[in-house]
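For reference, the chain that follows is the form predicted alone, supplied as structure tokens.
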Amino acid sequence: MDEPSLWIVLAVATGATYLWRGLGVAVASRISPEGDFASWMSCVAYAMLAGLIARMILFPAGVLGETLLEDRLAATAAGLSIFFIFKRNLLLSTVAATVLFIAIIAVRGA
């Protein structure tokens, strides 16, 4: 592609992005955050997140794929336990699971 064509493609992509963002802002003010649609969207978002996390644990890619399934499951179980023990503290559970996973990998590597 020549340079003018690239600028046209960039302008069209930028316009399309901002068009959808603008429509989202216009529609969002008409949707009740406590309504059925917002509740459904929240459920879909959580389901997608759960699916991605399960995929990372069961079918990891890259360097994570070189670790043992037991190590990933142990860190996940510890993180979930800490999450519920400490009144759904997401930061603490994430940090604890990460530190535990790194420690397990370090011990196995030594």
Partner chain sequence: MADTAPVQPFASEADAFRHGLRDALGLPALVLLASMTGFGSLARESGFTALIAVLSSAAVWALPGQVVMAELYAAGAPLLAIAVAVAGANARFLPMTVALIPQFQQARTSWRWRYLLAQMISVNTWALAMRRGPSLPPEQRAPYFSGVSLVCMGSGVIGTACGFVLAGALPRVVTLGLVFLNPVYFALLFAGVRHRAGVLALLIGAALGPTIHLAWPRWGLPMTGLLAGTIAVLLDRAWEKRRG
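Positions refer to the first chain, counted from 1. Under this definition, the rigid core comprises the largest set of C-alpha atoms superposing within 1.5 Å between the forms. Please read these numbers as outputs of a predicted model, since none were measured by experiment.
FYI, the form predicted in complex with the partner chain isn't displayed, but the following is about it.
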* Distance check, Leu64 to the partner chain in the predicted bound form, heavy atom within 4.5 Å -> yes
* Asked: Hey, in the predicted bound form, is Ala50 touching the partner chain, heavy atoms inside 4.5 Å?
  -> yes
* Look up in the predicted bound form whether Tyr18 has a non-hydrogen atom within 4.5 angstroms of the partner chain, and give yes or no. => yes
* Is there a non-hydrogen atom of Ile31 within 4.5 angstroms of a non-hydrogen atom of the partner chain in the predicted bound form? -> yes
* Of 87 to 102, which residues get within 4.5 Å of the partner chain in the predicted bound form if you count heavy atoms? -> Arg88, Leu90, Leu91, Ser93, Thr94, Ala97, Thr98, Phe101, Ile102
* Is the C-alpha displacement of Leu23 equal to or greater than 2 Å between this form and the one not shown once the rigid core has been superposed? -> yes
* Core-superposed C-alpha of Thr14 shifting 2 Å or more between this form and the one not shown -> yes
